[in-house]
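The chain below stands alone, shown as structure tokens; this is the form predicted alone.
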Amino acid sequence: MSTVANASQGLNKDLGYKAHSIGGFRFERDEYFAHIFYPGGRHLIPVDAFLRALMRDVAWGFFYGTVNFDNVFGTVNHYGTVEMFVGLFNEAYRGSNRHHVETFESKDLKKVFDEMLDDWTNEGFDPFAAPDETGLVFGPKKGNNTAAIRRQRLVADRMVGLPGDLTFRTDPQNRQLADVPTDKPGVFAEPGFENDVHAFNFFDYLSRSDVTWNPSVVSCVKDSQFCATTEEHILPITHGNDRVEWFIQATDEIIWDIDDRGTGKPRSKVVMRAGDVAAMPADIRHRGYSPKRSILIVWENNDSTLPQLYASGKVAPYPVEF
């Protein structure tokens, strides 16, 4: 179970932040860094990078596979339980037996992460926003930004813009997506079917998003999930896949660093421009860089049997044999 204490118990200066603990882990922060204490050592991550990664881990429900905050610390989702680790996928830590892993119930770890995210996020800082769109998180405790970190996804019953369903976003287009066309599609329904035939400009809709690197499901057919997201600057986590993901670059450009999932050794660099499609294998980790805000479609297979099939070698980690 989690405990909360005054952060000054481990650091020299009380800045108004709390320490947050679960199992053998204790998290504290100072003006600039998140300190992760664990049996055998301490690991530091710049607090802005830590909170951006923490925001995604919380919002995504620990996501598919591994969420690496950096090359040392992260979580692995086992869909009901979560492993939290230091050095598990780092050759130097594993080679010297300095890695540490603990398993928690998902709900228990999420509670600690939720509390820490709320406590450590100062007013004016939005860990979901691009760096140029938010304030700084450094320094002593100053208010909070609960509204930003507890955003609720917009959910349509049928389709955006249908009578009685979600209205089309009225937020202004993002400053870096002002070149996205806003044309409204023409809909010519047979008489009597006016409420059953509908369309809207999805690119225009996405261009008004106020978050980055947050794939939201836009269609779901059985286990097939299409997820759209706007990307700017750097993906705050390095995602370790436990299934094949498909990426469709809809606008602009993203450069991906592709590393080995288990060791972190570089494997390739992928440059995706508008119209490109790539499969991210089940045995890699990836981190993206988007110089200009771009739109990315992520196609996920939600089949719960996939992680074990890939881990056991019954299914190849890549989708096509060339």
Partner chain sequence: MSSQQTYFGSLENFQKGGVEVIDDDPKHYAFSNVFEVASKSKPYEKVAVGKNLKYVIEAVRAEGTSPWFAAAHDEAALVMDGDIEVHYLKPDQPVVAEGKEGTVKLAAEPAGKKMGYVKVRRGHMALLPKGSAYQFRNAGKPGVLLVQTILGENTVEKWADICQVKA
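We call the rigid core whatever largest set of C-alpha positions still superposes within 1.5 Å between the two forms. These numbers were taken from a predicted model, which means no experiment stands behind them. Numbering follows the first chain given and starts at 1.
Absent from the display: the form predicted together with the partner chain. The rest refers to it.
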Contact test in the predicted bound form: Glu123 vs the partner chain, heavy atoms, 4.5 Å: no
Give a yes or no for Arg153: in the predicted bound form, does one of its heavy atoms lie within 4.5 Å of a heavy atom belonging to the partner chain? no
Heavy atom to heavy atom, is Asp70 within 4.5 Å of the partner chain in the predicted bound form? no
Using heavy atoms and a 4.5 Å limit, would one call Arg273 a contact residue for the partner chain in the predicted bound form? yes
Establish, in the predicted bound form, whether Trp60, Ser216 and Gly313 all lie within 4.5 Å of the partner chain, using non-hydrogen atoms for the distance. no
Residue (of Val101, Ile248, Leu166, Ile234) lying close to the partner chain in the predicted bound form, criterion heavy atoms within 4.5 Å: Ile248
Just to confirm, with a 4.5 Å cut-off on non-hydrogen atoms, which of Gly80, Pro172, Gly143, Pro181 contacts the partner chain in the predicted bound form? Pro181
Considering the partner chain in the predicted bound form, find the one stretch among 220 to 228, 70 to 78, 90 to 98, 110 to 118 with heavy atoms no farther than 4.5 Å from it. 220 to 228
Contacts with the partner chain in the predicted bound form - residues in 144 to 175 whose heavy atoms fall within 4.5 Å: Arg158, Met159, Leu162, Arg175
For Lys141, state whether the C-alpha moves by 2 Å or more between the shown form and the other one after rigid core superposition. no
Does Tyr79 move appreciably between the shown form and the other one, meaning a CA displacement of 2 Å or more on the superposed rigid core? no
I want to check Arg150: does it shift between the shown form and the other one by 2 Å or more at the Cα, with the core superposed? no
